[in-house]
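There is one chain below, alone, in structure tokens, taken in the form predicted on its own.
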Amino acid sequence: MEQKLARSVSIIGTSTLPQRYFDDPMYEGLSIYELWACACHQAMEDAGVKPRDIDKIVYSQMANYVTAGNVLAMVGTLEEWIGLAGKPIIHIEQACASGYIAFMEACNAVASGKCDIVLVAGIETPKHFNSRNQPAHMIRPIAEYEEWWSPGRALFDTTYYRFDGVSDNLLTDEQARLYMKNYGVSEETIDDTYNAMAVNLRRNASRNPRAAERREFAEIAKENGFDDVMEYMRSEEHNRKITRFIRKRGSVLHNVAAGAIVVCSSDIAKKFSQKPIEVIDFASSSNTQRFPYCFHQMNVDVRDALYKDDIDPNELDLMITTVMTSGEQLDSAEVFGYLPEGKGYQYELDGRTCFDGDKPINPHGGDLSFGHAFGASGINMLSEAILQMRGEAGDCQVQKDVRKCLVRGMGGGHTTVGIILETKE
């Protein structure tokens, strides 16, 4: 594939911090900002660059007003912590698409010729908050935050925006309705498909030390008296439905995470990395929630904008996609042509989308088991793609060379993105 950017851009470094909950003992005494600095240092070391080599930083965080306790992100101080004081920095907030948009902004800065090397880095802790007038490391569980919905109302205009904490689930429920309508698949088959998907993703995550949840559902089922894991997954007692089609195990898993990636001009990439990954192209689309099947339509719009001329989805070796709920993975895999239209559900039921299957999707565990940290999630999804393309994903490494990869993401803005990456060697 030929790069579609005005100037070729390559990825030369990434962080590999694990997805964790902030009450994990390894994070005791840390603030989220220190975690962000750790990710930045790790990515710069991986890229073989020094802080003086970085021309610009793109910072990604969605809910710093809620979870960090500040209206403004402390970007100036953060720059000092990573040795980049005085360098230009821009803060991207576009809900859970923030990390993807930040990455695209970094690529654009290099492609335009304005910068040679850019660091993109994000942080989020969706399940904790920082009390007013307390040091940043003294965080508390979000369940203790009595005014959670008050800032929520400040963040979301409910006149024009349907976000109320559950509408994402309801909207992705529409993907199941559309699938049944288009392909005549029964509601029972949709339920089994979504349950199989959750089992597959947890199996992937069980082999990934960076994943937030690693215990396989088969083991949990046996512990609860079920020899058949699918019977356990169908159980209302252990895996209740939270909408008509979505069950609890099929909904996004929130956790704390930081991530960072270094991109640079391709003509100097080899100077820093022996395994640079080229950014072939990217596209995005935003849509209103007032119309039915808006999430599906955003996938269609991004596909049409991204797939041009020499881009053949049959050549993709891997797909990594946001999975806020189960329907999103199936819909996006078929819309982008990674799985055959109307037949993708069978691939999930047969386990062919697992890390060792012939059509791997989210071999790291996806948002259902790997974890999802709002504004940092896009960066970490890209990082997992980078590790797979380098052959450095450990026990969840897919069973073939990953030369071409599609990373597709979505955020509650609502914005959908598609990014195509390729290794040339």
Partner chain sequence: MFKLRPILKTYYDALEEGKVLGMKCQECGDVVWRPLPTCQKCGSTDLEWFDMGDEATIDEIIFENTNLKGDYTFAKANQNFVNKEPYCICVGHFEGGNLFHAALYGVNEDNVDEKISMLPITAKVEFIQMDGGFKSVGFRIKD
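Fair warning: this is a prediction, and the values are worked out from it, not measured in the lab. Positions refer to the first chain, counted from 1.
A second form of this protein, the form predicted together with the partner chain, is not displayed here; the remarks below concern that form.
Of the listed positions (Asp309, Glu80, Glu223, Glu188), a single one reaches within 4.5 angstroms of the partner chain by any non-hydrogen atom in the model of the complex, namely Glu80.
Contact with the partner chain in the model of the complex, defined as a heavy atom within 4.5 Å, holds for exactly one of Ala136, Cys115, Ala305, Ile90, namely Ala136.
Residues placing heavy atoms within 4.5 Å of the partner chain in the model of the complex fall in a single listed stretch, namely 25-33, out of 25-33, 356-364, 396-404, 377-385.
Proximity of Glu45 to the partner chain in the model of the complex falls within the 4.5 Å heavy atom cutoff. Ile57 falls outside the set of residues with a heavy atom inside 4.5 Å of the partner chain in the model of the complex. In the model of the complex, the partner chain lies farther than 4.5 Å from every heavy atom of Leu72. In the model of the complex, the partner chain sits beyond 4.5 Å of every heavy atom of Ala143.
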